[in-house]
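Next up: a single chain in structure tokens, the form predicted on its own.
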């Protein structure tokens, strides 16, 4: 990985994009006056912070106990889970959620267009012992008043490549019991807390009263996080994604995670876009696939306190 000085020389964008070393990692710091601010980690090609100028609150949640050194996955922001989601389907001893979030990515390109910073990353997997065939992965970010992320997988080998993936988005919210998630009505889901019970069907909005860990299948729809206490809606549109994961650890699970503050579970929710379980992707030789999301913040009049 290049050092921060070399990155600033080759990819820095005047006052809008600069690179800074921190705890053995390098962060990309983005400031677009009147549009947005963001922080991106080169370890994991992971957006850690993004706030459009019109939003009073940050959009993404990040753990205050997260490690930002390149030794373990960073808890929060938008980790890239690739090329498997959850446990490896054959070797459960391999790292959960794949290798993308625990590898240093290289910067390929940057640019500025109409108050949108573009930042593209590539991951070199040719010598990676956990990926047995030649594949490539690129992440392209477009950061401005909206945030978009594309993950492109390219099979460079001669045999088929089967993978699962997710953009594991952690969203900052006023309170988990005060929000709802729309866009998944009538969709079937697997409850990860009771996986042997088979598929369930969502009825209406998702509301939260305990630990939640669901994988919605054949769910290509846009999702909306309604947060009346903060007077906003977070709209998550996606493409190339058939699965949506909804997760909140609640009290006991949060307490069991060393990098998750015990009292933070009410203030975050994960609404993840990807291709999981039976929605896995199969690429033939020389084929590519792109999964992407676009996040918009709609500001509303906040609801009065109860």
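Numbering follows the first chain given and starts at 1. Just so you know, these numbers come straight off a predicted model, no measurement behind them.
Omitted from view is the form predicted in complex with a small molecule, to which the following refers.
- Of the heavy atoms in residue 175, none are within 4.5 Å of the small molecule in the model of the complex.
- With a 4.5 Å cutoff on heavy atoms, residue 105 does not count as touching the small molecule in the model of the complex; it lies far away.
- In the model of the complex, the small molecule sits within 4.5 Å of a heavy atom of residue 101.
- With a 4.5 Å cutoff on heavy atoms, residue 247 counts as touching the small molecule in the model of the complex.
- Between the small molecule and the residues 182, 213, 150, 221, the one pair within 4.5 Å by heavy atoms in the model of the complex involves 213.
- The contact with the small molecule in the model of the complex, taken as any heavy atom within 4.5 Å, belongs to 85 out of 230, 85, 189, 161.
- With the partner omitted here, the stretch from 201-209, 164-172, 115-123, 136-144 that lies within 4.5 Å of the small molecule by heavy atoms in the model of the complex is 164-172.
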